[in-house]
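Given as structure tokens, the chain that follows is alone and in the form predicted alone.
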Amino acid sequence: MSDKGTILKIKDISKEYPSVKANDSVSLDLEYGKIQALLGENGAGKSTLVKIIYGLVKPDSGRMYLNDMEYRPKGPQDARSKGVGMVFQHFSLFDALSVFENIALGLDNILEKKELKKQIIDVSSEYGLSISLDKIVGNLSAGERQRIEIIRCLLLNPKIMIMDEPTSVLTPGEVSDLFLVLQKLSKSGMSILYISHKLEEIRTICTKATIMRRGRVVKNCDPQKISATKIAEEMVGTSFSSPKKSKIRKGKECLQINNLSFQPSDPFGIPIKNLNLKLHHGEIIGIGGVAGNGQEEFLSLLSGELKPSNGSLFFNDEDITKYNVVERRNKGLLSAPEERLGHAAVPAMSLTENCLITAEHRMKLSKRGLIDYRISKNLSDRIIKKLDVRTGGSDALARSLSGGNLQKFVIGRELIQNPKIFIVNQPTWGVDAAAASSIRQQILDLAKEGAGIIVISQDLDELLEISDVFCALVGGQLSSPEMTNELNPSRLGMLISNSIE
């Protein structure tokens, strides 16, 4: 394969939906053997564009050329047959099956087991993607799961690989391993289109960046020659400031967790073992850890979705261990889970209707059992305006929003209710730099007003930026609290990767 010239040329691609023009005459050149970033704030049109390239969406107008031949994929399988592969942000794997079985299920062609195993081993060895084929996927880390997706893609011998937020749930070590793989693929002649909101990573791995804003390409640049702040400003079209953390004003204790334990019925669930933690008004506790160490179970125990097998939970000296979700919310303990579509929001319901899921009682959205849609719509409109949610309006279905915009709506829905305690898992997952800064500032402002906050995140930079106290969640156990301003990257890495002291 040549190491010069353009492998994929996109010319004046447009795609319009009823409420928004997602792509407006987009043009882009992807060069042979290059790792090129596709950047933009939430709703800029990145997802629509890569779905068009991968054959998931058909454009309204414009043309694409692959190796100087017109390229019109009829669907993903057609795109793969022409050499275009994609590794999605959300892994499409079956937890109860082995690594080998998952890879085999994802291939377009059926191969003999012996031949397929040989091919997997060859690809794994060539690119340093070591993985045990007999392991059950439900027991794997996020980094190992991602290797499966990459191997599955590479077995189809792609010329182009699209990667959507590939490092969103990876540890720093796993990110470094991934970058080594991508650089090796690039040197072998593969072209990689890389989508990420982590701008320092973009500056490390990419030699070219295409920046989109409101459906149009506004700039092509070398990200290694300009700052992450400048890139972010190009994405949003204006300057913005980093979150400003006030001096901690710790009030009295508002949440006490005593020997909280949970034994999941799910064979791949994580047991929670004797958690002990004290949260004060005005304090932000950051909970860090590798994905799959009990984050979801931890939040669900605090929100009331799961009942502990042992231990107790006190809210302002009141035992709320047996309280359900609604009773805890009425007290002022609010939460936002990691999975926004399907857990935090119902895909087929409008944004107004999704407000009712968590705010019906606290914001008095119903009277005598009847929903007041005027008040509900007003609340939805306020969230959209306050968080700058890019959507056609409060009547838009949750599934019609980009991941980042839905994330902004879900977080805004809880913050606008003025919680006394707020527990959130991955608050800025999948949102652009400006939106992440805005969400973090609002969390800091909430703490300044006296709320106690627990932020669960795999983004260690985020936790260092906003939290006062840090704990690591490892294998369903919490490490002893440490002051965040006294931690260094080495100590953080040790806490999240090692056993509890």
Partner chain sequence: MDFSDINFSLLIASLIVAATPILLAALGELVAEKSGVLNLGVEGMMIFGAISGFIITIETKNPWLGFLCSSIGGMLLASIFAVVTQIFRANQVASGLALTLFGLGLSALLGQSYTGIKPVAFPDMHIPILADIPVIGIILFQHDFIVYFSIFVVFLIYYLFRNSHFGLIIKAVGENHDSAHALGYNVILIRFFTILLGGALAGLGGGYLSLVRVPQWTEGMTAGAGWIALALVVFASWQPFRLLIGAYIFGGITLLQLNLQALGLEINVALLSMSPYLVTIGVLVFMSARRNKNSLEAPKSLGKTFFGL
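Positions refer to the first chain, counted from 1. Keep in mind it's a predicted model, so treat the numbers as computed, not measured. For clarity, a rigid core is taken as the largest C-alpha set superposing within 1.5 Å between two forms.
Beyond the structure shown, there is the form predicted together with the partner chain, which is absent from this document and is the topic of what follows.
The partner chain in the predicted complex comes within 4.5 Å of a heavy atom belonging to residue 113. Within this chain, residue 339 is remote from the site of the partner chain in the predicted complex, having no heavy atom within 4.5 Å. Although the partner is absent here, residue 80 is a contact residue: one of its heavy atoms lies within 4.5 angstroms of the partner chain in the predicted complex. Proximity of residue 264 to the partner chain in the predicted complex: non-hydrogen atoms within 4.5 Å are absent; the residue sits far from the partner. Partner proximity in the predicted complex, defined as non-hydrogen atoms within 4.5 angstroms of the partner chain, places exactly one of 100 to 108, 364 to 372, 210 to 218, 412 to 420 at the interface: 100 to 108.
By the 4.5 Å heavy atom rule, the three marked residues 323, 332 and 346 all fail to count as contacting the partner chain in the predicted complex. The listed set 88, 179, 314, 127 contains one residue whose heavy atoms approach the partner chain in the predicted complex to within 4.5 Å, identified as 88. Among 172, 269, 76, 143, the residue placing a heavy atom within 4.5 Å of the partner chain in the predicted complex is 76.
Of the residues in 132 to 147, those that come within 4.5 Å of the partner chain in the predicted complex through at least one heavy atom are, in sequence order, 136, 139.
Core-superposed comparison between the shown form and the other one: CA of residue 80 displaced by 2 Å or more.
Relative to the superposed core, residue 258 undergoes a C-alpha shift smaller than 2 Å between the shown form and the other one.
For residue 385, a C-alpha deviation below 2 angstroms is recorded between the shown form and the other one after rigid-core alignment.
Put simply, residue 58 and residue 349 spread apart in the predicted complex: their C-alpha atoms are 3 Å or more farther than in the form shown.
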